[in-house]
Each structure stands twice: as structure tokens, then as C-alpha cells.
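Taking the form predicted alone, here's one chain by itself in C-alpha cells.
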């Protein structure tokens, strides 16, 4: 009897939460009239927002994956003083509210000496489209690094040792053995990074600003239009973000058997 009550309690909590979550998402999807959704999707503002989000996210994911592969491999293969501290620092932004991370980046890129050096080089970060990519990179990199690190950890280092004993250098062993074996984890990391970049809001808002038709990504479109009271545009932005996130999660789950977190 006690076991049945225990299982029933767990099942009840699970069903209640999942049911409320699904209900909330379905409310967003089915509440607006689909004619309004189509019109909003084809509007100039929404098309601009989609293009900007896709472009900045694609660029950001490339940088994020370079960082994730480098840092993930260092953490997975090397032991050194401060190893745990490095892991903590890399993971820390995942626990930050995005607004706090955005404020940190604003202080970093908006004040000397770094701001002065960038200005001399002709690079604008704060309240610019470049700032969108920087915000996305710093937001998504910890998540991708965590996935890539787990992928590298799941690969026995002996494979690399065998390759090196057969004449490969460390770089060649990494390129020919480790990367191909971790391809599932790398792709999963890229998918998660892309979803995080597309959904990045607070960091982008603080660092790049929320200027209509300039630094307006999909989350910024949702924020601006809910502020204006334009619910059709806001809900359309939300629907697009849910569909992108759903595609990312489905892809990640399909590859998750190769990644042990």
C-alpha cells in the first residue's frame, strides 16, 4: 500500500506539472487567430526580426562551438591547479539571470580600457548589432561547453594514446580520432547553442539595446510588442520561439544517447 501511495504521489505531481506546462504552451499556440499569425509573420518588422535572429545566431554558434570545443577538451583531458575553479567559472553564467550577465558585459565593453581599444579599432559593441552576437555568445557558450565537455569525457583517452603510438601527434589524434567520435555531442552542443542564441533576451537587451528594426531579435520583438499592446505580434514571436526550441529539444534528445551529462 505504501509503495502504491508513493508512486501515485509522484505520478500526480508529474502529471499536474506537465499538464499545466502543456496547457500554457497550447494556450499561446491556439489562442490567436491564425490569420493574424500569418499576417504578423509576413510583416516587415517580423521578417526583419527573423532575419536578424537567424544571422546573428548562426555567427554566434560558430564562435560558441570553437570556444566549447577548446574549453571542453581542456577540462576533459587535462588536470592542473585551478581545474575545478575553471569549471565553476565556465558554468557560472548558467546560474546568472541574463540581465545580470548583460550588465556585466555592458560594464566590460562600455568602459575603458577595453572600450577605448575597441573604439580605436573601429568596433562598436554597445547598442549595436555586433553587441547582439557578443551577448548571444556569452549566454550560449556555457551550455554548449557543458555538452561538449560531457561528450569528450565519454570517450576513453586510450583511443588517442593508440593513435599517438601509431605516429599521430596530439593535434592529429584530436582531429582524426576524438572529434569524429564526439560528433554527436558536438552537434547536440551546436543545437543547444543555437536555441539559446535565438532565445537570448536579457543579455541582448542590456548590451545591444531593444531598438525597433535595428537590434530587434525575436525575443525583443515579443517584448516591444507586448509593451505596445500589440498581442498578435507578441504571440507570433512567442510561437516562433517555441517552435525553434521544440525543434532543438527534439534534435538534442535524438542525439542524447551519445552524451552523458
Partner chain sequence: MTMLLEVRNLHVDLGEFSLRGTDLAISEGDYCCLIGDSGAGKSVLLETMVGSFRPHKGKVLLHGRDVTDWPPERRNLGIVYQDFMLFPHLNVFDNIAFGLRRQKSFRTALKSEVHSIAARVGIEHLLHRDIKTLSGGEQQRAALARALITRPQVLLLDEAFSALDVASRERMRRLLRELVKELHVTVLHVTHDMEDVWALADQVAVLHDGQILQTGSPEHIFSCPHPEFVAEFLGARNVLQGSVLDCDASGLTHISVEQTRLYSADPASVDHRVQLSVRPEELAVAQKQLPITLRNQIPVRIQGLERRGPLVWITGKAAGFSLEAAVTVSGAREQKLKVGDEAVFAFSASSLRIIASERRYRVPSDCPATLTTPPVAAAERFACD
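Residue numbers count along the first chain shown, from 1. Source: prediction; values computed, not measured.
Missing here is the form predicted together with the partner chain; even so, the following discussion is about that form.
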| query | finding |
| --- | --- |
| Residue 159, heavy atom within 4.5 angstroms of the partner chain in the predicted complex | yes |
| 4.5 angstroms heavy atom contact with the partner chain in the predicted complex for residue 167 | yes |
| Contact flag, residue 176 vs the partner chain in the predicted complex, heavy atom cut 4.5 Å | yes |
| Partner proximity in the predicted complex: residue 126 to the partner chain, non-hydrogen atom cutoff 4.5 Å | no |
| In the predicted complex, the residue from 118, 86, 172, 106 that sits within 4.5 Å of the partner chain by heavy atoms | 172 |
| Answer option from 163, 76, 100, 94, heavy atom within 4.5 Å of the partner chain in the predicted complex | 163 |
| Partner-proximal stretch of 108-116, 68-76, 178-186, 135-143 relative to the partner chain in the predicted complex, 4.5 angstroms, heavy atom | 178-186 |
